[in-house]
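Taking the form predicted alone, here's one chain by itself in structure tokens.
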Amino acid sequence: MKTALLDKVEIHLANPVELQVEWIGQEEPMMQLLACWLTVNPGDQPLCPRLVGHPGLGKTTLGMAAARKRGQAVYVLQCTADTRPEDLIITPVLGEKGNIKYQASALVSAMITGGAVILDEGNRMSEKSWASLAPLLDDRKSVDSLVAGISIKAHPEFRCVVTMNEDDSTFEIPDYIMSRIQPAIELPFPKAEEELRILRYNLPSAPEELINICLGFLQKAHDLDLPYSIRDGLNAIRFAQKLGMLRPAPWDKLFSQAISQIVGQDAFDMEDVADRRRREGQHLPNMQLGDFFFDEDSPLNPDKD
């Protein structure tokens, strides 16, 4: 394990993620993320954007693939409701000889080495934890560790992105933090041809008939804005294949069983589920800035095609 010496304090660094990933399709979100991480002059600062979208659409994969394109090591810090400020920075742990050693988080390890960090599912984290990162997310580009008694300055090549899921099991992030994690990059559901490539890439040995059954299911769900994701589809294909090895049956029957156990029986009544979500206010149209000031058909609306 690598170490770094900061103000005479030895810090043990976390290891970067070694997983190799490929981003397929949806070039616009990738371009926007890479643009956020650019600097246009020596005094410019990179942005720390947030990737937003339904669970399972590949937000973490996008962040990792963008870091790989830049030739950077990538670190992932999984945010939860229990994440404490010290979990984000430096944690004291007991060494082999009974001494205290200081373990850097994935975030701080990326800061020190000039890597890229993904704060995964950031809106599951409390305001207290976010507050400890406020100076990192503005021009100060640093964090303070009360545990180790040091201030840590980010490497000039350090890059950060926050992923956020669109569901109800999250915290509301305070405005002073939201103003620091800008802009929002929306990751929509993929189009059919892109989704087909993703399914084939991840499951090259899956039967084409089974992949097409899954594709039809996912595209119908996307059209109704239901939160069934590529991840759900991949798991359903894997499960259907495994069931078929032990108990052969037509692929449509195996996929139906798999999808019912993965996303539930609601998957067979998607239209009714979509109507219910709309009545309950769970589905709201994606609104752009112009929608708040202009009628939809107004020629002054900047979002009008």
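From 1 onward, residues are counted along the sequence shown. Note that this is a predicted model, so its numbers are computed, not measured.
There is also a form predicted together with a small molecule; it is not shown, and the following applies to it.
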ask   = If contact means any heavy atom within 4.5 Å, which of 131-139, 195-203, 83-91, 105-113 contacts the small molecule in the model of the complex?
value = 195-203
query = H54 near the small molecule in the model of the complex, any heavy atom under 4.5 Å?
reply = yes
key: Non-hydrogen atom contact L234 with the small molecule in the model of the complex at 4.5 angstroms   = yes
inquiry  = If we define contact as a non-hydrogen atom of the residue within 4.5 angstroms of the partner, is I230 a contact of the small molecule in the model of the complex?
reply    = yes
ask   = Would V17 count as touching the small molecule in the model of the complex under a 4.5 Å heavy atom rule?
value = no
query = Which residue among S256, Q32, T60, Q241 has a heavy atom within 4.5 angstroms of the small molecule in the model of the complex?
reply = T60
